[in-house]
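This document starts with one chain, in the form predicted on its own, laid out as structure tokens.
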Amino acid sequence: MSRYSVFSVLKGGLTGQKHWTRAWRDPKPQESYDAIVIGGGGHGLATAYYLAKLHGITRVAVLEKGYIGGGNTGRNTTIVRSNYMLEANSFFYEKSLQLWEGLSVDLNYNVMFSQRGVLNLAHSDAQLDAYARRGNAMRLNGVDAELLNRDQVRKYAPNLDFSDNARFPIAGGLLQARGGTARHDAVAWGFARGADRLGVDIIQNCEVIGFEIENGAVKGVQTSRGLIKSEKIGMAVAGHTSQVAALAGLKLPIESHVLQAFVSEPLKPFIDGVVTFGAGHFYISQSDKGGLVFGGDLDGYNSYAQRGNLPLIEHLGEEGMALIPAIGRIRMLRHWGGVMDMSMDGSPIIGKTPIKGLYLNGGWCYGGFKATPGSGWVFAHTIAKDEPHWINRDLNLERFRTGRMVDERGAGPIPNAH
């Protein structure tokens, strides 16, 4: 940090933050843009950033109905991985992971990406065989994977229950060492600042309430701040994709569910990487502040509410205790709910729609946060070129009509889907 920036920070702090320089502008919406991105979360901001940086389209507006990062980007467990078996997902999430590895440098903003590893636990020989198959598929696709035996798992995560009377004995696990976590807020802020510096208008408190469509082609959007025209519009509104798409007359193969997440009181270093439970849907890691961050199954009913329910808290508590009995002594600090777009095959939808100039980015299931840079990268290409990149070619909306599903247990709404 330069001497100038140190004094700037001190000045801002000592004056009650009255003289902070804005991280991004607060512009009024223009009458028209070359492209509009609906949604000011990570995916929408990343799309705008790559549209400007890689494709030279800088007259872009990001329309956010609330505030930047107020949706799912700030309501997740921050896990980053690319340990998928099917090629369509494997190549896509690996591209995203590669972008994560250089993201802080690219944005000139620390997104706090920590490659601490992601370990999927196996509790039977059959499950370990299934992980061996997935690991082999990953390595054939150029993705790192390592099959661990019981002793290697114990060395990696010694606080798990390795006792003789463990309810779910640990047989081994599949480790992706390049996986890890990132700071969700920093990701949103980094992409927002980067896009703004390239000329993108980030317009908050601007809700889309309708589409202007003529002869099967999109011409603009009606918003709470008036009509904004554009012939290229991308939807990146995870959690509310079906609602926004319905404004354009589109019915999507997506359901919306609540996924809860939790954080405990801060502890001394307890878990180095991300560990997922092989006998149920439970995953846990430790944040930089020391809190244990964990989550699991969907609440099991359709909802747009960003809150959870007590039965699932009890359910996840039982799973956590079965995996790590010691956590029974810690206090839970808070919990929250994110609204999940669940596609019918467990894989995302990134591509064109039947309406010319209208593009879709949604159906992220459990994979939204980890996909942030990769999603923006391929979605920007799709919008700019009016055709998908080869990486997202199979992740199209058309597959639900033709039956060419990308049925991935590692991404979908199935218990034990790691």
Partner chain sequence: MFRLTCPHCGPRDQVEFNYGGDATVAVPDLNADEQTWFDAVYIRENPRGPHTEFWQHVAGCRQWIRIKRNTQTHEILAYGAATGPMSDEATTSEGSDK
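Positions refer to the first chain, counted from 1. Bear in mind that the values here come from a model prediction, so they are computed numbers and not experimental data.
The discussion below concerns the form predicted in complex with its partner chain, not included here.
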Every residue in 53, 217 and 382 with a non-hydrogen atom within 4.5 Å of its partner chain in the predicted complex? no
Could you tell me which of 301-309, 209-217, 149-157, 226-234 sits within 4.5 Å of its partner chain in the predicted complex, going by non-hydrogen atoms? 301-309
Closest heavy atom of residue 240 to its partner chain in the predicted complex, within 4.5 Å or not? yes
Please check if residue 257 has a heavy atom lying within 4.5 Å of any heavy atom of its partner chain in the predicted complex. yes
With the partner left out here, check for me: in the predicted complex, does some heavy atom of residue 65 sit within 4.5 Å of its partner chain? yes
Any chance residue 88 has a heavy atom within 4.5 Å of its partner chain in the predicted complex? no
